[in-house]
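Below you'll find only one chain, the form predicted alone, shown as C-alpha coordinates.
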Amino acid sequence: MDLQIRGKRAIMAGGSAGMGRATAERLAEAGADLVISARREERLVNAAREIAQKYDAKVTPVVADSSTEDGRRALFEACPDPDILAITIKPPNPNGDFLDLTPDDWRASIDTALIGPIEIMRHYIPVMKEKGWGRIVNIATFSAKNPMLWRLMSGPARSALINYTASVSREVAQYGVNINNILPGMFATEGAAELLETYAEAFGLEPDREVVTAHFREHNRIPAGFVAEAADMAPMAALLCSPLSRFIVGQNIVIDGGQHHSLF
(Lines give C-alpha, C1' and ligand atoms only; values in the text may rest on other atoms or scores of the structure.)
Protein backbone atom coordinates (compact mmCIF):
# COMPACT_ATOMS: atom_id res chain seq x y z
CA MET A 1 0.00 0.00 0.00
CA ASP A 2 1.29 3.46 -0.92
CA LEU A 3 0.91 5.65 2.18
CA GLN A 4 1.36 8.79 0.04
CA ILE A 5 3.92 10.37 2.38
CA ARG A 6 7.03 10.25 0.19
CA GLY A 7 9.02 13.43 0.73
CA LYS A 8 7.02 14.55 3.75
CA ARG A 9 8.90 15.60 6.88
CA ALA A 10 8.20 13.39 9.89
CA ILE A 11 9.23 13.49 13.55
CA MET A 12 9.31 10.34 15.65
CA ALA A 13 9.85 11.49 19.23
CA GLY A 14 11.13 8.47 21.15
CA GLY A 15 12.30 6.73 18.00
CA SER A 16 15.47 4.89 19.00
CA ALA A 17 13.87 1.60 20.10
CA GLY A 18 10.65 -0.33 20.56
CA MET A 19 7.42 1.02 19.12
CA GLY A 20 8.99 4.33 18.24
CA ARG A 21 11.69 2.72 16.15
CA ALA A 22 9.24 0.32 14.50
CA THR A 23 7.07 3.28 13.51
CA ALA A 24 10.09 5.23 12.28
CA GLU A 25 11.00 2.29 10.06
CA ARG A 26 7.54 2.19 8.48
CA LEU A 27 7.67 5.94 7.83
CA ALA A 28 11.15 5.66 6.31
CA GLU A 29 10.03 2.72 4.19
CA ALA A 30 7.18 4.88 2.86
CA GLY A 31 9.63 7.59 1.83
CA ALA A 32 9.33 10.19 4.58
CA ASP A 33 12.31 12.30 5.66
CA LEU A 34 12.78 11.55 9.35
CA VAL A 35 13.88 13.27 12.51
CA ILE A 36 14.05 10.83 15.42
CA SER A 37 14.72 11.87 18.99
CA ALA A 38 15.59 10.02 22.19
CA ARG A 39 17.64 10.45 25.36
CA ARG A 40 20.26 7.72 24.85
CA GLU A 41 22.72 9.07 22.31
CA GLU A 42 24.52 5.90 21.28
CA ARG A 43 21.36 3.88 20.73
CA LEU A 44 19.73 6.79 18.90
CA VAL A 45 22.64 7.38 16.53
CA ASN A 46 22.86 3.66 15.77
CA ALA A 47 19.13 3.48 15.07
CA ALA A 48 19.25 6.49 12.76
CA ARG A 49 22.16 5.04 10.81
CA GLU A 50 20.56 1.59 10.49
CA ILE A 51 17.18 2.96 9.37
CA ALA A 52 18.83 5.29 6.83
CA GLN A 53 20.88 2.45 5.34
CA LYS A 54 18.04 -0.07 5.30
CA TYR A 55 15.51 2.19 3.57
CA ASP A 56 17.82 4.61 1.74
CA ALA A 57 16.16 7.38 3.76
CA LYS A 58 17.17 10.70 5.24
CA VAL A 59 17.21 10.25 9.03
CA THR A 60 18.38 12.93 11.46
CA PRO A 61 18.99 11.95 15.11
CA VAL A 62 18.31 14.52 17.85
CA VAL A 63 19.41 13.72 21.39
CA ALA A 64 16.59 15.15 23.48
CA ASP A 65 14.44 14.41 26.49
CA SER A 66 11.01 15.67 25.40
CA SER A 67 9.81 15.89 29.00
CA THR A 68 12.11 18.92 29.46
CA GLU A 69 12.02 22.39 27.93
CA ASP A 70 15.60 22.08 26.70
CA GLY A 71 14.85 18.76 25.05
CA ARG A 72 11.78 20.10 23.29
CA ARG A 73 13.71 23.17 22.14
CA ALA A 74 16.35 20.95 20.55
CA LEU A 75 13.64 19.09 18.67
CA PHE A 76 11.95 22.30 17.51
CA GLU A 77 15.24 23.67 16.20
CA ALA A 78 16.06 20.45 14.36
CA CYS A 79 12.68 20.29 12.60
CA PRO A 80 10.69 23.53 12.60
CA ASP A 81 7.99 22.50 10.12
CA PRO A 82 7.08 18.80 10.13
CA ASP A 83 4.12 17.36 8.26
CA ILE A 84 3.93 14.37 10.59
CA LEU A 85 4.46 14.11 14.33
CA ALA A 86 4.49 10.81 16.23
CA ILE A 87 5.26 10.66 19.94
CA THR A 88 5.97 7.89 22.39
CA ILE A 89 7.73 7.67 25.76
CA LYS A 90 9.65 5.07 27.72
CA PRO A 91 7.19 3.07 29.84
CA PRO A 92 7.51 3.96 33.52
CA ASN A 93 8.40 1.36 36.11
CA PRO A 94 5.67 -0.55 37.98
CA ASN A 95 4.79 1.41 41.09
CA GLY A 96 4.27 -1.19 43.83
CA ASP A 97 2.07 -0.03 46.74
CA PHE A 98 0.00 2.92 45.53
CA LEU A 99 0.09 4.42 49.03
CA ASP A 100 3.84 4.87 48.71
CA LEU A 101 3.57 7.17 45.68
CA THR A 102 4.65 10.73 46.40
CA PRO A 103 3.85 14.08 44.79
CA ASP A 104 7.27 13.97 43.14
CA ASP A 105 6.41 10.61 41.56
CA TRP A 106 3.23 12.09 40.11
CA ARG A 107 5.00 15.21 38.87
CA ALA A 108 7.58 13.11 37.04
CA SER A 109 4.84 11.02 35.43
CA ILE A 110 2.90 14.11 34.35
CA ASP A 111 5.98 15.88 32.99
CA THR A 112 6.89 12.88 30.84
CA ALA A 113 3.56 11.42 29.71
CA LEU A 114 1.32 14.50 29.63
CA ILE A 115 3.11 17.85 29.55
CA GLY A 116 5.87 16.68 27.20
CA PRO A 117 3.53 15.46 24.42
CA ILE A 118 1.13 18.38 24.88
CA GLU A 119 3.88 20.97 24.60
CA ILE A 120 5.26 19.35 21.44
CA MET A 121 1.77 19.28 19.89
CA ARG A 122 1.05 22.85 20.99
CA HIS A 123 4.21 24.02 19.25
CA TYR A 124 3.58 22.24 15.95
CA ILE A 125 -0.20 22.51 15.54
CA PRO A 126 -0.05 26.16 14.34
CA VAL A 127 2.60 25.16 11.79
CA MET A 128 0.40 22.36 10.46
CA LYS A 129 -2.69 24.58 10.42
CA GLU A 130 -0.81 27.13 8.33
CA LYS A 131 0.11 24.40 5.83
CA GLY A 132 -3.44 23.08 5.77
CA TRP A 133 -2.31 19.51 6.49
CA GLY A 134 -0.76 17.52 9.29
CA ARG A 135 -0.86 14.25 11.16
CA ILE A 136 -0.21 13.72 14.88
CA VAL A 137 -0.14 10.28 16.50
CA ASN A 138 0.47 9.57 20.17
CA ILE A 139 1.59 6.03 20.94
CA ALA A 140 0.33 5.79 24.52
CA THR A 141 -0.94 2.77 26.48
CA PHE A 142 -4.14 0.81 26.85
CA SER A 143 -3.91 1.38 30.61
CA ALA A 144 -5.16 4.89 29.80
CA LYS A 145 -8.64 3.33 29.49
CA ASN A 146 -8.02 0.02 31.24
CA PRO A 147 -7.09 0.92 34.86
CA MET A 148 -4.25 -1.17 36.26
CA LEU A 149 -3.18 -0.55 39.83
CA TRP A 150 0.47 -1.44 39.20
CA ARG A 151 0.66 1.01 36.27
CA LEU A 152 -0.46 4.18 38.02
CA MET A 153 2.64 5.98 36.79
CA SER A 154 1.56 5.22 33.23
CA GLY A 155 -2.24 5.16 32.94
CA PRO A 156 -3.61 8.32 34.61
CA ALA A 157 -1.28 10.78 32.83
CA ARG A 158 -2.08 9.18 29.48
CA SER A 159 -5.82 9.23 30.31
CA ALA A 160 -5.44 13.00 30.60
CA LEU A 161 -3.51 13.03 27.32
CA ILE A 162 -6.24 11.26 25.37
CA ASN A 163 -8.83 13.57 26.95
CA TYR A 164 -6.78 16.54 25.72
CA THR A 165 -6.37 15.15 22.21
CA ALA A 166 -10.06 14.23 21.97
CA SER A 167 -10.93 17.89 22.51
CA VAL A 168 -8.17 19.48 20.44
CA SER A 169 -8.49 17.07 17.51
CA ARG A 170 -12.05 18.20 16.84
CA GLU A 171 -10.96 21.82 16.75
CA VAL A 172 -8.08 21.39 14.32
CA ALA A 173 -9.54 18.76 11.95
CA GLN A 174 -11.14 21.52 9.85
CA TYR A 175 -7.61 22.66 8.93
CA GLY A 176 -6.59 19.22 7.68
CA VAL A 177 -4.74 18.38 10.89
CA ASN A 178 -5.73 15.01 12.33
CA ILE A 179 -4.77 13.83 15.82
CA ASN A 180 -5.23 10.25 16.97
CA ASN A 181 -3.89 7.93 19.66
CA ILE A 182 -2.79 4.33 19.65
CA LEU A 183 -3.20 2.47 22.94
CA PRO A 184 -0.93 -0.60 22.86
CA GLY A 185 -1.27 -3.47 25.29
CA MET A 186 1.54 -5.86 26.23
CA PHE A 187 4.33 -5.81 23.66
CA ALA A 188 7.75 -7.45 23.73
CA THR A 189 9.96 -4.37 23.47
CA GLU A 190 13.20 -3.28 25.09
CA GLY A 191 11.25 -0.95 27.35
CA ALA A 192 8.96 -3.79 28.42
CA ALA A 193 11.98 -5.97 29.19
CA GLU A 194 13.40 -3.23 31.40
CA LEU A 195 10.00 -2.87 33.05
CA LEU A 196 9.96 -6.58 33.94
CA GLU A 197 13.20 -6.12 35.85
CA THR A 198 11.32 -3.97 38.40
CA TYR A 199 8.09 -6.00 38.22
CA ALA A 200 9.31 -8.47 40.86
CA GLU A 201 10.00 -5.71 43.36
CA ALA A 202 6.61 -4.10 42.71
CA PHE A 203 4.80 -7.37 43.47
CA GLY A 204 7.10 -8.74 46.17
CA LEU A 205 8.20 -11.67 44.01
CA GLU A 206 11.47 -13.54 43.95
CA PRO A 207 13.83 -11.90 41.43
CA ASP A 208 13.65 -14.97 39.23
CA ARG A 209 12.74 -14.47 35.56
CA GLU A 210 10.59 -17.61 35.37
CA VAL A 211 8.65 -16.64 38.49
CA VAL A 212 8.15 -13.10 37.23
CA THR A 213 7.12 -14.24 33.74
CA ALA A 214 4.62 -16.76 35.13
CA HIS A 215 3.07 -14.15 37.43
CA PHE A 216 2.92 -11.62 34.59
CA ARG A 217 1.18 -14.03 32.21
CA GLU A 218 -1.31 -15.13 34.86
CA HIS A 219 -2.41 -11.60 35.63
CA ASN A 220 -2.20 -10.22 32.10
CA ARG A 221 -4.01 -12.77 29.97
CA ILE A 222 -4.02 -12.02 26.24
CA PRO A 223 -6.78 -13.76 24.21
CA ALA A 224 -4.61 -13.74 21.09
CA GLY A 225 -2.27 -16.08 22.98
CA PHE A 226 1.01 -14.21 22.52
CA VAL A 227 2.83 -11.01 23.39
CA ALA A 228 3.14 -8.88 20.27
CA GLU A 229 6.23 -7.35 18.68
CA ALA A 230 6.55 -3.63 18.04
CA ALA A 231 6.19 -4.35 14.33
CA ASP A 232 2.61 -5.52 15.00
CA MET A 233 1.66 -1.97 15.98
CA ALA A 234 3.73 0.12 13.58
CA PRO A 235 1.62 -0.32 10.41
CA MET A 236 -1.39 1.23 12.16
CA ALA A 237 0.72 4.15 13.36
CA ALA A 238 2.05 4.70 9.84
CA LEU A 239 -1.47 4.59 8.39
CA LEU A 240 -2.62 7.26 10.84
CA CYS A 241 0.32 9.41 9.67
CA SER A 242 -0.84 9.30 6.06
CA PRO A 243 -3.44 11.09 3.89
CA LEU A 244 -5.34 7.79 3.83
CA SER A 245 -6.52 8.49 7.40
CA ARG A 246 -8.23 11.77 6.51
CA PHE A 247 -11.58 10.77 8.09
CA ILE A 248 -10.11 9.37 11.33
CA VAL A 249 -10.23 12.11 13.95
CA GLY A 250 -9.71 11.99 17.72
CA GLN A 251 -9.75 8.20 17.99
CA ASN A 252 -8.08 5.92 20.55
CA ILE A 253 -7.18 2.69 18.79
CA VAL A 254 -6.48 -0.20 21.16
CA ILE A 255 -4.00 -2.81 19.91
CA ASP A 256 -3.74 -5.42 22.64
CA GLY A 257 -4.62 -8.87 21.32
CA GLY A 258 -8.10 -8.61 22.89
CA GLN A 259 -6.95 -8.08 26.48
CA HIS A 260 -9.07 -5.00 27.15
CA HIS A 261 -12.70 -6.04 27.75
CA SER A 262 -14.78 -3.17 26.40
CA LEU A 263 -17.14 -2.48 23.51
CA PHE A 264 -15.70 1.01 22.97
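Computed from a prediction, not measured in an experiment: that's the story for all the values here. In case it trips you up, residue 1 is the first one in the sequence shown, and so on.
The same protein has a further form, the form predicted together with a small molecule, not shown here; the description that follows concerns it.
- Query: Heavy atom within 4.5 Å of the small molecule in the predicted bound form: which of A173, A74, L114, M186?
  - Reply: Comparing distances to the small molecule in the predicted bound form, the residue within 4.5 Å is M186.
- Interface residue in the predicted bound form among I89, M128, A157, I136, criterion: non-hydrogen atom within 4.5 angstroms of the small molecule: When the small molecule is considered in the predicted bound form, the option within 4.5 Å is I89.
- Message: Whether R217 contacts the small molecule in the predicted bound form should be assessed with a 4.5 Å heavy atom distance threshold; does it?
- Response: No, no contact at 4.5 Å.
- Task: Tell me, yes or no, whether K58 is in contact with the small molecule in the predicted bound form, where a contact means a heavy atom of each within 4.5 Å.
- Result: No.
- Message: With a cut-off of 4.5 Å between heavy atoms, is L34 one of the residues that contacts the small molecule in the predicted bound form?
- Response: Although the small molecule is absent here, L34 would stay clear of it in the predicted bound form, with no heavy atoms inside 4.5 Å.
- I248, heavy atom within 4.5 angstroms of the small molecule in the predicted bound form: No, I248 sits far enough from the small molecule in the predicted bound form that none of its heavy atoms falls within 4.5 Å.
- Query: Are all three of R6, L27 and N180 close to the small molecule in the predicted bound form, meaning a heavy atom of each within 4.5 Å?
  - Reply: No: none of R6, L27 and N180 comes within 4.5 Å of the small molecule in the predicted bound form.
- Query: Taking the partner as it appears in the predicted bound form, which of 35 to 43, 48 to 56, 235 to 243, 218 to 226 has residues with heavy atoms within 4.5 Å of the small molecule?
  - Reply: Selected stretch: 35 to 43.
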